[in-house]
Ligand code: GLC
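The chain below stands alone, shown as structure tokens; this is the form predicted alone.
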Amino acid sequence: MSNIDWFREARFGLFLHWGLYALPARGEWVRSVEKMPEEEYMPFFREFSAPDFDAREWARMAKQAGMKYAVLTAKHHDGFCLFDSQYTDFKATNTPFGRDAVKEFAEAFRAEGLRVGLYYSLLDWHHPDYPHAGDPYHPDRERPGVTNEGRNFDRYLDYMHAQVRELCQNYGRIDIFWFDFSYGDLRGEAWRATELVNMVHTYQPWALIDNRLEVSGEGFGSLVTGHPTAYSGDFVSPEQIIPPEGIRDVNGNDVPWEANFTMNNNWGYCENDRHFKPASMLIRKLVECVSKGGNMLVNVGPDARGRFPAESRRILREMGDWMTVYGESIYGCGKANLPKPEYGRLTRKGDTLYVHILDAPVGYAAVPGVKKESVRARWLHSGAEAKIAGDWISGNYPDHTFLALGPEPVLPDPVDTVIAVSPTNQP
């Protein structure tokens, strides 16, 4: 199995945004949005205790939801590190929490059989050598008297590379390095990106890397040009959107991608944000991603106590219930390369086609481009035979298979009922 094969097999992962910003509880960009000076942010550092943090519980919830991997924010834009870095005092082990959350995360998720990813922000609003004045995102960008005089960006890059080296060396096997993000003139070699990628692969040769050493959430990068750079990464990372037709390069070849989005409207915990997407919607979005050849990385922002919000826990349980029954139509599946039916979506694994019925049709469910003489069908929830129609109603359409859904107009699963259609020579 190549490095990317496991990623395409997994299809469903958990994003975890957690840090000091859980205390003000107004989202992970609170310092930038509110132009909050460092002295107003530091009290949260002195208060961070997270008495209910339990990485094992996080891992169990992810596994029960049907997720196969997880990505944790080892360092976000505010510069606060959840790991015990020797290069900064601005880290979790120096707070009342006093623990290395990355270490506990990695051990707990591996123990549940999940692959481990680490997010690392290329930005750093805490580091004195990161650009302040003129930067479009830095909290001090409009603060009177702030300049970049005396700031040495190469010194910051040395720091950044050293921290990534720590993450490579001290936390066992890391399956994904999720760098975030490039903007303006800070792209590619401005981060010493070739050197960074080569270093990661020296210590973690199997690790996948996202495409954000070149772009941010809206960009594709050189992966789609047919001439990827040394730091192009291994997959495209569209944010808060599912690509209309998946992602291909200029030669028409499918490119690995992973849509990442929030459960509500913030990545980090936000006390007043109760706009959670229902599990039914997220299940259908997962199916949409897979039907277009992509993955879905859905985010949870744990609160200041270290717990998943109650809404997130409920959503994960409901998604897990569906995945327990229908996960076969997700894991290892991809594009069907057939027209999308009006009633739902199609995914495929090998010769087996999975018919996702999201909106019960009147009469039969037509599967385009599949002749009924060569296939058999079964309800995925029970394994029972699904009848293939062959009567006067369907006879005018010989290039379609028509699935008889029975006399009950309400399908077994109101979110997504799945029927597997496979060649007659398969069991």
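Sequential numbering from 1, following the sequence displayed. Every value quoted in this text rests on a predicted model; they were computed, and no experiment measured them.
Form predicted in complex with this ligand: not shown, discussed below.
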### Among the candidates 166, 140, 288, 239, the residue which, in the predicted bound form, approaches this ligand to within 4.5 Å (heavy atoms)
239
### 90, 191, 308, 119 - the one with a heavy atom within 4.5 Å of this ligand in the predicted bound form
119
### Task
Please determine, with the chain shown alone, which of 102-110, 174-182, 347-355, 149-157 has non-hydrogen atoms within 4.5 Å of this ligand in the predicted bound form.
174-182
### Message
Although the partner isn't part of this model, could you tell me whether residue 397 comes within 4.5 Å of this ligand in the predicted bound form, counting any heavy atom of the residue?
### Response
no
#### Entry: Exercise: residue 15 in contact with this ligand in the predicted bound form, heavy atom 4.5 Å
yes
### Any non-hydrogen atom of residue 267 within 4.5 angstroms of this ligand in the predicted bound form
yes
### Query
Wondering, does residue 229 line up within 4.5 Å of this ligand in the predicted bound form on heavy atoms?
no
### Message
If you apply a 4.5 angstroms heavy atom cut-off, which residues in 194-225 are near this ligand in the predicted bound form?
### Response
212
